[in-house]
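Quick heads-up: it's one chain on its own, the form predicted alone, in structure tokens.
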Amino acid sequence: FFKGCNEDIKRMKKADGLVLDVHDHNYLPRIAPHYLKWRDQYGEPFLYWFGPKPRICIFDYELARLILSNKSGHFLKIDTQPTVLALLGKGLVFVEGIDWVRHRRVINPAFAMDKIKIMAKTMVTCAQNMVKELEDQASKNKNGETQVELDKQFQKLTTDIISHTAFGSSYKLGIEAFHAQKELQEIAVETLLSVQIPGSNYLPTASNRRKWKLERKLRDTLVQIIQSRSGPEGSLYGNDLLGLMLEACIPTEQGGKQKQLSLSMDEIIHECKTFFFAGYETTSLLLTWTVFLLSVYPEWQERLRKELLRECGKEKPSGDNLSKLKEMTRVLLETLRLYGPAVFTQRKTMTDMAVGEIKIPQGFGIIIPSAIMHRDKKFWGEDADEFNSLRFQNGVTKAAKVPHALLAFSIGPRSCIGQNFVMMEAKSVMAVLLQKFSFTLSPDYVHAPVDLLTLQPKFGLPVVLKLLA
């Protein structure tokens, strides 16, 4: 009973030795074999047990819309495993109710489009620094080529960008937080299907001691970043994410009580965890899978390069002309559809609920498998398993038969607050890369997507970069 279906899931996911052709984007049998098998066996929706906890897996877009767009507070984020919470922090992603409203109001101004366009300058500068290093490597070879693990380059780059744009910190502190979070992510993946015995999280096991050490390291690094920006009361903290949160942390004069919309220092630390992880992980994976697809479909790589030349010339891209890159926007959206970082979305019911024609008891978890739904031919057409960015030529809401079909950033009030930031960052990096290089997959590349909390290339992304004439 305590293990539920977890052992079955482990067994099915162990058979992920399937290596795909680079033109085959149906990796679902690798990452979600249990969902596919149970849907064929029991129909949809179906019930299963994650440990001792019941889960309902739905595949219907209308049910997904009703759940994700609900504002009553009856559908909350699902209970989070302690290791995942240590990794991501109890920030905007996990807080609920009035706390979520308070956090969102404090953080929202940092992601206004005018501020993001200003941040684009930093994004482009960071990208140019990375590309300059790659240019130096390639120029040492007579053929102007160099092979690099581009996924690792993107992780370093996006860590640098989020450090500068959101937290105003040095790359050195950012990379320390990055390493701590990556190790915590590994622990979270290892223990994801393990049944948590009550109290086991507090036992001084080797795994727990390692986790506690990493948690302290991450917290201490984030505190350093925060303290480097803290100043006397009334000072200006800046208008980036950390500055706005620190400004909201200043106590009022009425007995030192905090303002209604303030954040405590612990809450700021949690938000730093959330946005630091989301800031590098989501964008680095979007960039990784975009380069993969543009390597597989070089005609699209050339289309984007021509658009870039038309809108930016050979000059340094700006926030304004990056916003005009329509072809690139469509390619990024199609990448999110086929290779979105989040494989599924989870919610739980706070009371007995009727959703459409199904009744969901209180406390049941709800799984919305976006990676599967993004391939539903009833909504996306017969080419749903294929790369075709032209499906987005009339915008996101008209790309499929329902306007909310793309779930990469979720929908409704809890949709991703940083989606415009992610898209601008991806455009900035891709623009700089396309200005200097053409790229192809290395013969060493093995197409084996894997779910490690986020969708990643199991063996990395080795790419051959060639300097443009």
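Start at 1 with the first residue shown and count on from there. Here the structure is a predicted model, which is why all the values come from computation and not from measurement.
This protein has a second form, the form predicted in complex with a small molecule, left out of what is shown; the following refers to that one.
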- Task: Name the residue from Phe275, Phe167, Phe292, Phe154 that puts a heavy atom within 4.5 Å of the small molecule in the predicted bound form.
- Result: Phe275
- Item | Contact residue in the predicted bound form, chosen from Leu304, Ala342, Met373, Ile116 - any heavy atom within 4.5 Å of the small molecule | Ala342
- Message: Heavy atoms within 4.5 Å of the small molecule in the predicted bound form: which stretch in 306-314, 321-329, 377-385, 87-95 meets that?
- Response: 87-95
- Please run the contact check for Arg414 against the small molecule in the predicted bound form: heavy atoms, 4.5 angstroms, yes or no? yes
- Item | Phe75, heavy atom within 4.5 angstroms of the small molecule in the predicted bound form | no
- Would Gly279 sit within 4.5 Å of the small molecule in the predicted bound form, counting heavy atoms only? yes
- Query: Can any non-hydrogen atom of Thr288 be found within 4.5 angstroms of the small molecule in the predicted bound form?
  - Reply: no
